[in-house]
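Only one chain is shown below, in structure tokens, and it's the form predicted alone.
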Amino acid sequence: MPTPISGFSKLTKEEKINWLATQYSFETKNTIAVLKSYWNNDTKLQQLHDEFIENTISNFYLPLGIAPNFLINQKLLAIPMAIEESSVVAAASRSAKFWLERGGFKSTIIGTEKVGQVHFIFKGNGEKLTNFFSEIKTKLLSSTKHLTQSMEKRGGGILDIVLRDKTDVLSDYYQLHCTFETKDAMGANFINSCLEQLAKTLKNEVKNYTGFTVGEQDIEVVMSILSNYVPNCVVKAEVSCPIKDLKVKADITPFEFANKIVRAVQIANVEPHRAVTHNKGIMNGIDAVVLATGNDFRAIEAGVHAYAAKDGHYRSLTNASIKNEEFRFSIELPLALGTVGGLTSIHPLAKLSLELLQKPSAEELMQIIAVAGLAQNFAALSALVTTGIQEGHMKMHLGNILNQLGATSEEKNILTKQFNNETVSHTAVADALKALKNN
């Protein structure tokens, strides 16, 4: 039975691993050797990775792939993608090649406004609070000048502060709703520092406000934190072409294919069970590029899914339509990204990924990543409405199955050829490998 430990963070990496091995009987599983095999031989590089988080014991690798042939706003790019799931990079690459020959992708920025809030409790007269806020708003803004000066020189800063009365949903609950422009930085630390200063100024000013009674001066600041829901930090990406150019398979006409895509999106708009999987496929492409560029995929996921339900019903992030014999396919979603600061500036592969993308601004990266999501969705829907999703996915997954079963290089070559025209499943591959070994 493992025992609790005090001071685990103060142990060396070796000591941490040895403690785990002792407490959880890892020696018999060769775990120590596995953990150490993923250490980087470059000690400086390993130290850099060790310092990204706390209590590091090893590195957890994801493949970094490239999806070429993305023509975005007439600029040809190869998009880096960090992901473990089979067929994602291949699907994105197929979509890129398909639309390269049909004019490529177009993308536009709708807005770049980010949000942070100071949440507080006020049990006094709401009208007095409104008057108080009007009088101190200038002081609130000026109190953050030492934090915003550098950002303002780059064209960013605090855009506005609004007092919001939320007492209709929670007793005595108010907030300072703040909007920000952070330019090429994701801006989390900047926003949170500003919010904490605003909260401090709010508490100081309320104590000296003569319009309040003694009881009304007891404002309770609950928390000050950015929001990952950024409905005004939005990008749109789209493709279009004459329906006659949508020839994808011999057994389906371009018109039939276009209508099936439109119908598939309509289903995702009315059926949440389908919409979640539909949008998950979009996020396969988006998260892969977000990870590769050192951005926060968890924040992106949270904000995007909230946006998909912004009208109270969870819907597709993409839209498809047919008009005047033209097919249009588009996506609109919030993406709060950065190209400076954080891991984007210190993770070697994140820096390399941004270089591969020709050092984009945050707005350009928003456009690239939106396109990756749109391409992924087009590839998934194309498969779903024609051959089905499993044919392509399982063929890509064949290599993983063979590795899991311990196949040799020669066996992999033989079985890859064998399953070129056969349905791939774990059972079928296992049986074929067993039969091959017995021959």
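One rule holds for the numbers: they count along the sequence shown, beginning at 1. This one's a predicted model, so the numbers in the text were calculated from it and none came from an experiment. Whichever C-alpha set is largest while still superposing within 1.5 Å between the two forms counts as the rigid core.
If you look for the form predicted in complex with another copy of the chain, you will not find it shown, but the lines that follow are about it.
Is L349 close enough to touch another copy of the chain in the model of the complex, meaning at least one heavy atom pair within 4.5 Å?
Contact with another copy of the chain, yes.
In the model of the complex, does N438 have a heavy atom within 4.5 Å of another copy of the chain?
No - in the model of the complex, heavy atoms of N438 and another copy of the chain never come within 4.5 Å of each other.
Quick one: is Q74 in contact with another copy of the chain in the model of the complex, heavy atoms, 4.5 Å cut-off?
Within the cut-off, so yes.
Decide whether S345 counts as a contact residue for another copy of the chain in the model of the complex under a heavy atom distance cut-off of 4.5 Å.
Residue-level check for S345: yes, a contact with another copy of the chain.
Would you mind picking out the stretch of 365-373, 130-138, 170-178, 328-336 that comes within 4.5 angstroms of another copy of the chain in the model of the complex, counting non-hydrogen atoms?
One stretch meets the cut-off, namely 170-178.
Considering non-hydrogen atoms and a 4.5 Å limit, which listed residue (N295, T182, S107, S95) is close to another copy of the chain in the model of the complex?
Partner contact (heavy atom, 4.5 Å) among the options: N295.
Sort through N189, Q217, S321, N204 and report the residue having a heavy atom within 4.5 Å of another copy of the chain in the model of the complex.
Flagged contact: N189.
Is the shift of A428 between the shown form and the other one large enough to count as movement, that is, does its C-alpha move by 2 Å or more after the core is superposed?
Superposed on the core, A428 moves its C-alpha 2 Å or more between the shown form and the other one.
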